[in-house]
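In the form predicted on its own, a lone chain appears below as structure tokens.
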Amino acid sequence: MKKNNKHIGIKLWSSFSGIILMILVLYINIYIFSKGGSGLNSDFLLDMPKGFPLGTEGGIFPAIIGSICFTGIACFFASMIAIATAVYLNFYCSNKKLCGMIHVVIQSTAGIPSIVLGLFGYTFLVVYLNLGLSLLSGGIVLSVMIFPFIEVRVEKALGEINKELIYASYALGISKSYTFFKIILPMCFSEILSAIVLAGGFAMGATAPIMFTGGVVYAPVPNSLFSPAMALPYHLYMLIGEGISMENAYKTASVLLLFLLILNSFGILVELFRKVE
């Protein structure tokens, strides 16, 4: 009887927490869209920022393009390193101490504050490597931020594959690389894609890392990897922080939320589709 009471208590606690979380998320989204969604139009989305101070008039087109570019570069670099690390830890690393050390590094990276990553990026990429304030610098710093998120999920996906299938492939004389690309990768491709997309949403909403490495308020639409760029979260930060325009701040926040909802929904749909299969 006492055991059942404990289960009921845990169920009620879990259900209540889930409901509260859903209400909070819905409230935040509805509140932002109610404040800024009605003012969105093609002029705001496709025009350059104007007015004095900059941002009181015009649109956010350079910030939209900049955010997409920063996110794409971050996802590219982070996924390359994260997938390689996960493959090494699952199939090549036989030294448990080394595996443990790598896991400590990954967990430590996840705990670094984003503002500290931005400072490191400015010192190492912008100043020491002379990459300047650019899309490349900002994208690389964002990739460091989302690397642990992708690595942990990819490592988990690779670890859940039936080992007997892999050993059977090895027993037939098939190389590890062929086994990975022809058997393992197709089996967990959707989960890897989902992890990258969700991490992209995480990167798109980050402000601190790009403030020191690639974000420039007056930047136009970037035309190369070495061009500075504006981003939606940085634009939003400037509008609120400098008291420029709360109306445009809510509009910018609505656009940013819309992008995040699309990315997160796509990532969740990919994962659901994999489970149905």
Partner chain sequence: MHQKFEKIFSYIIKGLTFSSVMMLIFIIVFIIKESVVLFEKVTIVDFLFGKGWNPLGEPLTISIFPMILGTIYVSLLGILIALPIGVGSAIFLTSVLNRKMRKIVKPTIDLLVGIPSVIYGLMGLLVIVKFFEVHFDFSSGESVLAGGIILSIMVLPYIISTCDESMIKISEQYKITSEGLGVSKWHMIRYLILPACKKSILAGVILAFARAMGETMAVMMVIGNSPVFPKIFGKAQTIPSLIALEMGGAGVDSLHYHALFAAGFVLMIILFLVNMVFHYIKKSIEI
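Between two forms, the rigid core is the largest collection of C-alphas that superpose within 1.5 Å. Positions refer to the first chain, counted from 1. Computed from a predicted structure; not experimentally measured.
What comes next is about the form predicted together with the partner chain, which is not displayed.
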In terms of non-hydrogen atoms within 4.5 angstroms, which of the given stretches 49-57, 208-216, 62-70, 36-44 touches the partner chain in the model of the complex? 208-216
Given that the partner chain is not shown alongside this chain, does residue 233 nevertheless sit within 4.5 Å of it in the model of the complex, heavy atom to heavy atom? yes
Look up in the model of the complex whether residue 167 has a non-hydrogen atom within 4.5 angstroms of the partner chain, and give yes or no. no
Although the partner isn't part of this model, could you tell me whether residue 105 comes within 4.5 Å of the partner chain in the model of the complex, counting any heavy atom of the residue? yes
Partner contact for residue 225 in the model of the complex: the partner chain, 4.5 angstroms, heavy atom: no
Heavy atom within 4.5 Å of the partner chain in the model of the complex: which residues of 159-182 qualify? 175, 176, 177, 178, 180, 181
So, superposing on the core, is the move of residue 19 at the CA at least 2 angstroms between the shown form and the other one? yes
